[in-house]
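Before any questions on binding or motion, here is one chain by itself as structure tokens, the form predicted on its own.
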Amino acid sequence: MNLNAATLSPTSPKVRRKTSTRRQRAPSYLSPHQTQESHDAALYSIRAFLRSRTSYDAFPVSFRLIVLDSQLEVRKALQCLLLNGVVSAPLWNSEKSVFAGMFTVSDIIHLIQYYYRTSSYDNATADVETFRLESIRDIEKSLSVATPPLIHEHPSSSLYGAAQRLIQTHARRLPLLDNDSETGHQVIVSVLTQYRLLKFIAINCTRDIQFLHLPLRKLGIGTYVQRDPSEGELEPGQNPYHPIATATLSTTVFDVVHMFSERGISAVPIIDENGVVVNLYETVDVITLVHLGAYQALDLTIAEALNQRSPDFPGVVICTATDSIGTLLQLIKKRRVHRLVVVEGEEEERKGGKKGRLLGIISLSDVLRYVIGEVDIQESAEPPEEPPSGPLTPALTSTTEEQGTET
């Protein structure tokens, strides 16, 4: 609830007050000159904290857990996700009484691409009415898409170990399973997401976070445009924002869907002719079209598709390369953030750049990988005719509270 700054209070009788005296200001625990050493010490402190806590500790006070039977039809599964405001859910094999993986937005993206390659609108519409969740893995094989690993952890496992598992398997969420003491069968307790884990850190490591003052780009957090715009003319077919996938308002939805599937990403920055970020198109936007059965709508341009976006879309969260990871974690504590688009700011503008132009993209995987440390893997980050349908929100000034349901 938002409260006004002015509040009503009962009138008190006038009393003689004691003469006030100025108290000495309490010393701050922040170092007046933060250093690399103080930054590293805070990072090690956060890791030690995670080793001392279990996945169970990160559970929200109240949450809903949606579990889908693997024999459920895709159409009904989508309805369930949308009605409950979530984008993924654990799968359960009712015949064997075992955990069967996760149903996510990526599965729907792969399904769309499969039908666009091998079938027609009519066949896709008819098949999705009867297509079952357990058959999605066959679709992934036909597209030569890597099958997601069937991973899970126990709720009493350490948070640090759970975070390492997320990084090692390139997963965005980790199902937490226990065993029923009477039947011995598996029980799905909850799902630990990257967002939930990072928010837990942001809430409980406030002091350490204030020492994480170094800039995001200096720390190597995120994926950044490799080409300097001042280098001159581009060669034919060369992407000026490589290795980041981008689109314009005139790009078709299906072209972006192809980027989602081929590159394993969940959002694509929408830029204008000058490279200035005007919006972001996400996998969740595609799900709404599929749920409505509007397969033909995938031939729409991004500009047309954005008109069908929900009016409560929170907007694109932007930052600059000079913002700190501490600021980013403080933002995660205040609102639901899944990625940040890095744009050129005043510093780049002074060097001849253009304010608001795409510079990079930061995913939660990037942030978590840095906070946890090296785990012997290599992974790449996810990377105007019309005004954007959602506002661009500067990360440093965001105060929006978290919205939606955690899954």
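Given the structure is predicted, the values throughout are model-derived calculations rather than measurements. Heads up: residue numbers just count along the shown sequence, starting at 1.
Another form, the form predicted in complex with adenosine monophosphate (AMP), is not on view; read the next lines as being about it.
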query: Do Lys334 and adenosine monophosphate (AMP) share at least one heavy atom pair within 4.5 Å in the model of the complex?
result: no
Partner proximity in the model of the complex: Arg357 to adenosine monophosphate (AMP), non-hydrogen atom cutoff 4.5 Å: no
query: Gly264: heavy atom within 4.5 Å of adenosine monophosphate (AMP) in the model of the complex?
result: yes
field: Residue contact check: Lys199 to adenosine monophosphate (AMP) in the model of the complex, 4.5 Å heavy atom
entry: no
- prompt: Considering Gln71, Asn204, Thr223, Thr288, which brings a non-hydrogen atom within 4.5 Å of adenosine monophosphate (AMP) in the model of the complex?
  reply: Thr223
query: So which stretch, 243-251, 312-320, 183-191, 147-155, is the one near adenosine monophosphate (AMP) in the model of the complex (non-hydrogen atoms, 4.5 Å)?
result: 243-251
message: Could you pull out the residues of 163-183 that have any heavy atom within 4.5 Å of adenosine monophosphate (AMP) in the model of the complex?
response: Arg172
